[in-house]
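As structure tokens, the next two blocks hold two forms of the same chain, structure 1 and structure 2.
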Structure 1
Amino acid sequence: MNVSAKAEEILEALWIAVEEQGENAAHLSTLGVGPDDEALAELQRRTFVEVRGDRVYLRKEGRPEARMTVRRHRLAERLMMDIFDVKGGAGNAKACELEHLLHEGVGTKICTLLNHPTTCPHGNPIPPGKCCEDAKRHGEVGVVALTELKPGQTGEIAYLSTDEPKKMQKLMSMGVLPGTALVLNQTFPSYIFKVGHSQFAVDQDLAREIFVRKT
């Protein structure tokens, strides 16, 4: 039985306070709940949290659930912003609605689709799930944007995600085609990569639209 959406929000805020901001507990007011809140009672009943005075402590039993809640939220953000291209406030709001639907199988699928991202669009870490650990153990290399490669790394161009036909056509006629091997030489001030014996410079925006399979 999953915890309620409201309870998930509390767990999430608690995890961020305890794990990422180094607090040992969170104040009721920072969590935005009263002492006799229903969702809080639900969490206490499951022994996920403990309430002492006006401070809420995350118990050992609640940690896995809290961790996964944060993971789902940040995966939802990634999905919204990277795939659905809903950015800014609208993206955040939609991600908040979506995260509660990403239980078990769905979360794993999305994590794999997104190629096991390690950070959310705001730069906060996404706690790895089982799928991430498995992929790591099997040495699976997924498809990443050129911006994720380090200078000196090689890859094979998987696809171009630009929605402007002219730009795509330009890249293709220059020889930047799916299936071509590429070496990244430099990332600053521009991305410089080598295809065959030719070098190309692109800016960060375009580098984000070239997806490569690391080799």
Structure 2
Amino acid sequence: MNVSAKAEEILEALWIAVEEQGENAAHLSTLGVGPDDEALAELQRRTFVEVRGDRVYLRKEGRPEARMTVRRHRLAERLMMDIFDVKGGAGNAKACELEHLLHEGVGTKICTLLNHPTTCPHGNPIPPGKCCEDAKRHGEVGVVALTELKPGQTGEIAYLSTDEPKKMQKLMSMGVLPGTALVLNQTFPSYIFKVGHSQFAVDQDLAREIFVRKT
């Protein structure tokens, strides 16, 4: 059973204090909880944390869950800000809501979609998952810009990153939609690719805004 959302928030703050800021524990006020907090009690029952006075210690039993909680939050930040273009405080707030849903393989799929990022939009490290280690070992990448493909390579369009309505309309009118298969035929002087039975040409700037999953 997953820990509660509030308990995940505590683990996340505790991981940052201990692993990234070099503290050996975190004060209750740093975690935003009191000694009788229900979520804190939940973590104590699971032996994930230990409370001594007004300080909370991360036990070895809680380290894997805390690590993955931080990973889910930072992947959610990247998804919100890189893909959905929801930035700033709004992006962070949405990421806080989304991170609690990235269980049971969803986080792995998002990590692959994002091409296994190593840092969040704020530059903080994203703890790698098994998918990151596998991709590194096999030299695989997840989603890349169309400009990263070579002539003859195929892919499935993952998403379009442009935030300009005219560009988006142009791509959509060409049938360049997420989930569509394409074949790249040429990269110079323009990028020429085939979608279905039709062939299209785009310049390098537009090609950089088409992200594909290699097939």
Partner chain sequence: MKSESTPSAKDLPKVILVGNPNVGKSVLFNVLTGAYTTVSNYPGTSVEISLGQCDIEGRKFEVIDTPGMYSLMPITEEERVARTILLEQHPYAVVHVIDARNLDRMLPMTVQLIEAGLPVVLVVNIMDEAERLGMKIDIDLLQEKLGVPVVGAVMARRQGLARLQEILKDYDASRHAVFGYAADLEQDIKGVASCLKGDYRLSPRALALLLLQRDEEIESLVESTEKENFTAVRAAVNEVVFERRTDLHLRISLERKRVCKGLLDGVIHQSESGTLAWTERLSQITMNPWTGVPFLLLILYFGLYKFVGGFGAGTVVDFLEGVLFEEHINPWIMGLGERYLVWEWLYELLVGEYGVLTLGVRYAVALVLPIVGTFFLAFSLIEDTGYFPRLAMLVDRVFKRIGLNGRAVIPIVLGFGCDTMATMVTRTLETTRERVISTILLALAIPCSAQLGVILGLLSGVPGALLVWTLCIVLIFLLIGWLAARVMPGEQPMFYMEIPPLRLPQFRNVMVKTLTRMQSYFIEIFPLFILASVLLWAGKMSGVLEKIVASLHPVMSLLGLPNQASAAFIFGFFRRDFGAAGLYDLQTSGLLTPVQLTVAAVTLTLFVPCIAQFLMMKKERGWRVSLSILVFVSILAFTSGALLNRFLLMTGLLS
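Only the largest set of C-alpha atoms that superpose within 1.5 Å between the two forms is called the rigid core. Numbering for residues begins at 1 and runs along the sequence of structure 1. Just so it is clear, the model here is predicted, and its values are computed rather than measured.
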Checklist line | Either 1 or 2, the form predicted together with its partner chain | finding: 1
Item checked: Core-superposed comparison between structure 1 and structure 2, Asp203 Cα displacement 2 Å or beyond -> yes
Notebook entry, point to check: Once you line up the core, how about Trp15: does its CA shift reach 2 Å between structure 1 and structure 2?
Noted result: no
Notebook entry, point to check: Core-aligned, is the CA shift for Thr187 between structure 1 and structure 2 2 angstroms or more?
Noted result: yes
